[in-house]
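The data below hold one chain only, encoded as structure tokens and taken in the form predicted on its own.
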């Protein structure tokens, strides 16, 4: 088994210490940084995503794998910046104003990071202005909004209406998710997609980024 294969394997097993050691070893062996990222870390998290989608593993396993991935990313990040290697794209994510629930949103952020996207997590109780101000400032292509309460769902429409008013609608992609939502609601408010879990969010954002 090569260092890269072993790296992917240890990430899937959720072993941060081994992932850090193998990432360091790969760097020391002068393996291309992008190869370490794509074939090691991202490949490992892709397997985790597929297994999670198929209900072969559950949330605790995903979180362990994510922790292991971060152990490798901490070592790679400075090198990626130094070499100017771009991420697959930038995503703004947050729970909408009035909503303090963030477990689902946090999982989506983890899965997107694992797929190689740069995620700017605004946390919860995020105003429409903050979503759009940050998307403009960071030049992010995708804005992801989460809501767990039916009372906060209308805020999503406010974000999209504000995007129209600012001339950003059509230039940014808007995805929504959360227990009370549906693809019908997403269409009704003008969102680009409804994502029912972390895996569908990754697949959707990849499609928007033209990676498939």
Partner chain sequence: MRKIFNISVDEVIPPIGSVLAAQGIPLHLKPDERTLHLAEEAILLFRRYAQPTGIVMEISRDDFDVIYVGDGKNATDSPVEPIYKLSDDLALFAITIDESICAEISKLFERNDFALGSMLDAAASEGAELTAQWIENFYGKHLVKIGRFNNKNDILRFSPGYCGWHMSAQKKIFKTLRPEDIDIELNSSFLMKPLKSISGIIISGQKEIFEFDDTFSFCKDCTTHTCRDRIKAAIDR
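Numbering follows the first chain given and starts at 1. This is a predicted model, so every value here is computed, not measured.
Keep in mind that the form predicted together with its partner chain is missing from the display, and what follows is about it.
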Please state whether every one of the three residues 63, 107 and 151 places a non-hydrogen atom within 4.5 angstroms of its partner chain in the predicted complex.
yes
Mind telling me which stretch in 36-44, 151-159, 22-30, 167-175 gets its heavy atoms within 4.5 Å of its partner chain in the predicted complex?
151-159
One residue of 116, 128, 98, 141 in contact with its partner chain, assessed in the predicted complex (non-hydrogen atom, 4.5 angstroms)
98
In the predicted complex, does residue 15 come within 4.5 Å of its partner chain, counting heavy atoms only?
yes
Answer yes if any heavy atom of residue 103 is within 4.5 Å of a heavy atom of its partner chain in the predicted complex; otherwise answer no.
yes
4.5 Å heavy atom contact, residue 185 to its partner chain in the predicted complex:
no
Residue 67: heavy atom within 4.5 Å of its partner chain in the predicted complex?
yes
Of 42-60, which residues get within 4.5 Å of its partner chain in the predicted complex if you count heavy atoms?
58, 59, 60
